[in-house]
Structures are given as C-alpha cells and as structure tokens.
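The chain below stands alone and is given as structure tokens, in the form predicted on its own.
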C-alpha cells in the first residue's frame, strides 16, 4: 500500500479538466480510459517508503545523505518522493519507450573462465564472444496500444512538472511512432507558450528501405516550466569559409561584424553520432543507449553548475554520468535493476558520490517488470492460456468443481493497474466478467496494492450482479517467495597485509536455466540449411566447392561456474543495513579486472583482496542478480 498520496500541485483547481489547462472548454485528446487518468491525478501520486540500499563515495558513511540519487522504481513514485522531500529538479531529460512495438534486449556476456584465463592469454587466443559466449536477455517490451501509452505518458509528464523548479526545462526524446501525439500532451501539460524547440537529432547507419525515405532522425521536444524565465546558454560552431569571407553575420539586413563565438547551433543536430559500433568506447551493450555528446549539449544549454539534472527513464545512465562530469547534481530513475547496476558502475569509475534507493512498492521484482510478468504464469499453480478468454484475463485455472476459473493479473509495466480500487473492480464487473463463457462460476483477481479492502468487498457485494464469485488474492504472497540466492563457495585467509577471499565455485540455477533455454532455442533454429548454403555466392570458393559454415556451439558452463560472475563487493563497515562497498572488483566482458572503478590489464584470478576485515560479500552474476552473504572467517 502507498503510505500516502502526494498532490501533483499545491493548489489543484477543483473540477479542472486534465487536458484543459490552457484556454479551452473541452479536452483536446479523447481516448479510452482517460477518465481513469483524471481520477488518479485527483487522488495524487502514490508515495511509497524508500529504502536506501547503498552509499557510494570515497569516505562516505551509510548515515550520510547524498544529493545525488539512483532510484529503482517508476517515474511517478520517484516524483512523489522528491515532491514530499521538497527536492526541485532544474532540468529533466527523459528518453521513454517510443511505443514502437519492439522488444529490447541486452547482451549478456560470459566472462573468461579464470581457471584457464592465464593460459588463454599466454596463447594469445581470443574467445569468440559474439558468437559463442553471449546470449540476450529481454529488458523491456515497448508494446503499447496508443491509448494506454498516452494515459501513461500524461501522468508521467504531470508528475515531472510537479517537481520542476520555476526556471526548469524538460527535454522529451521520441521518434516518429508517437512523438506527434506526445507533443499535444506537452502543450496541455506545460502550455503552448512554454514550447521552446522541436529538435531533430539526425544520424546515419542501419538498414535502408527501398520503398520509402529512410527514417534517420529522432525528435526532442524542449519545454520550459515558465515562459517568464528559463535557462538557455547557446552553443556556437565555427563560421563557414564563405561566411568568414563575407565578414558579416547571417542575420538578414545586419551590417554587424562576425561574433567571436561563431554561429549558434540550430535545432537540426547532424554532428552527433549514435552509439552503434561494438568498438565504440561508450557502448554499454544497453538497449537504446544515447551518446554522451547529445546529453552534453542539452545539459550545457539548459542548466548551470550545481543544478539538479534528472532522468526518470535513466537506462544506461548517460545523463547522470554527463551531469556529474559537468559538475551538476543528478537523479537517475529506472524500473530495471540492470539500469541501476550499469549506472552505478560507470559512476563509481567516475568517482561520483551518490545514494541508491529502492522504492518499496510491495513487489519483489526480478531484474525488471518484463521478466517478472514472464515468470508469473509459472508461479501460479495450474494457470494456462485459454483461447476462450479475452486478453483482459491472463489465463485460466481448471478446477474439478468450478470448471474454468479466469485469472486477472495486473500489468507490472503499467503502474495504474497496481492499485486495485473501485474504478478497476467496477471495470472488471461490468466490462470483463459479462463476456466470460457461460457457466463461469468464479474469477480470481490478483492485486499488488489494494486501496481499501473493506470498501472493495462492500462494493462487490452490492454491485456484482454477474452471479460469479470474485476472489481477491495478493500477488506479493507469490513473488516474495521466489527470489533465491546463487550458491557461493569461498575461502578466506588472513595475512599480515590483510584478507584474501578466493571464490571456489559459483552456481546460479536461474542463469543455468536461462542458458539451457537459449541453447535449446538455438538448436531448434539450426538446420542442415544453416550449415551449407548453396544459394549464397559468398559461400562458394573459386573451384565451386561449398564452404562449411561454423557449427552452432552451445554455451557451456564450467563445473566451477566462475565465468558467471560480474562483480564482487566487500562491505567492511556493517553486517546489515545500507551497503557500503569498501572494496570491489568487477570483471569486464573480456575477463579483465576493474578494481574499485579503475581499469587494469589483469585477468581475474578468482580472488579479491582487502586490507580491512570484510563483514559481508555481495556477488553479482552476469545477468544482474545479486547475492549477499555474511562472511565466515572460518570458511
């Protein structure tokens, strides 16, 4: 349950239409369920407890509160926390899903087996990482219908506006899929008069269609909070040779001499390349990653040193990293644990100080909501897909006495469905249940949070005229029991110079299952045609013989399992509570050690050394699962 609800604005106008805060009598956009958005905004932003889980920074203490924050949770919940604590954002950049209909995955690399890494290095051999030692893991699904997306975006924009300072700006990064609709939303939320620029970020590369012009730009909308005062610091480029020869500005009718700074950058950005090449030093193997140069331009243009820059769909953390480099404060928010981990590690390497928070919204997510949703069906005993049921229902359970029992599960990618309230139960009763097959006797409704249990049951008793029983069940009771730590075998030794921990073995059932499933999928997709391709000229030698393609080599794990480890952190400060990483070692995808954020040329040798007595150890596997164990000095 939310602790409370935080109003979006201090003085909400009673009866104000949520899409009518300019000079209109009717709402501009009309689409399904936007009346529910109105009800939720009137209720306020759900405020949950925030647990500080780690403090990062040289000399920092767990009790210290940094102004820089990494928040694992949804945009609206993060904004509720910021507003409650009276934290104002001076610049917001968001790169939300584009409603593109695509699934996004990140590459997960197995590390070099440290038991044989040294021999590999001496032989100057390279593992074929791209082909043999990597698999993909789904991060999130950008699959929305237009109405749901616009409802979701509208609430997010309202929430962000509520925590912006009076001179703040917001940049919203989209593309052709949905940008034109969101532009209308932003006119309503921020006011048409506060629109500053439509920026086209142009790029090249990728596939080129033959039946239309290639789509090679994203759109970034810039709005200010106020039309009276906002920050804009122009960036200049050198004049062209032709302009220099004329010796005049490009302002029509002006006789002024050339400005020393050059000519201002316009709203057509063609000089910033995307992060695409595997050899690009910026590449984090994180879906939809944006280049640092793009954020540098935005942050320099609309903020000053010391101001707070926030990214509520933070991804790989480029906004937070650039903000830190430019001496700004940063707030990074994302629902995925991989986003928090990726951002944390790159900020550690940059020497930043920050706190990491987890929003306690009652759901023990796996690595992200997509994976949790994928997992739910296997956790609910007997739940199967049923063709006879509408897509509103997740599936059904066959009961010997009741027959088919439809099951509703809230969509964890949509915060609006997490709270079971009277509007939602009313929709279930009056829209979903009447369309169920004849003879249905019972439905099961799972929930994450419930607004008022007694009122809901009273409402069901009074208004459920379907003749079917409605059983309410708490989804948290299922999720709380499924997180299982990886199995770690280690040995610790003390010497005159400190402590040395050697990892003997590492077993991750979740990762092994994931890799087995990946191998099976690849094996099914392979065929004799994949081995020999007679039609491809590239596979023919000069004498006409066919060239044999590489056979599919399944990913295999050594009996020690050490190639599944990405990071080891030692807390020498406390055995419980907020994590303080006093010593940490990260293994990059090539097997080399990053020690306390600093890259080395050393391959990992299965050990981590500390000059302080370690009290507990955290090990992160390559997919992002973290296991914490209390150090036993007699192991």
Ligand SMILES: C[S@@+](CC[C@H](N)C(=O)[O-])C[C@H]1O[C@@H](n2cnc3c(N)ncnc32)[C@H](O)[C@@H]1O
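Numbering follows the first chain given and starts at 1. This is a predicted model, so every value here is computed, not measured.
There is also a form predicted together with the ligand; it is not shown, and the following applies to it.
Asks: Please pick, from 410, 406, 561, 336, the one residue with any non-hydrogen atom lying within 4.5 angstroms of the ligand in the model of the complex.
Replies: None of the other options qualify; the answer is 336.
Asks: Exactly one residue in 152, 506, 357, 499 has a non-hydrogen atom within 4.5 Å of the ligand in the model of the complex; which is it?
Replies: If I apply the 4.5 Å criterion carefully, the residue I get is 152.
Asks: Contact with the ligand in the model of the complex for residue 286, defined as at least one heavy atom pair within 4.5 Å: yes or no?
Replies: Flag for residue 286 set to yes.
Asks: So in the model of the complex, does any heavy atom of residue 222 sit within 4.5 Å of the ligand?
Replies: Answer no; every heavy atom of residue 222 is more than 4.5 Å from the ligand in the model of the complex.
Asks: Is residue 114 near the ligand? Define near as a heavy atom within 4.5 Å, in the model of the complex.
Replies: Because no heavy atom of residue 114 falls inside 4.5 Å of the ligand in the model of the complex, the answer is no.
Asks: Would you check, heavy atoms only and a 4.5 Å threshold, whether residue 486 touches the ligand in the model of the complex?
Replies: Although the ligand is absent here, residue 486 would stay clear of it in the model of the complex, with no heavy atoms inside 4.5 Å.
Asks: Can you say which of 315-323, 509-517, 437-445, 491-499 gets within 4.5 Å of the ligand in the model of the complex, counting heavy atoms only?
Replies: In short, 315-323.
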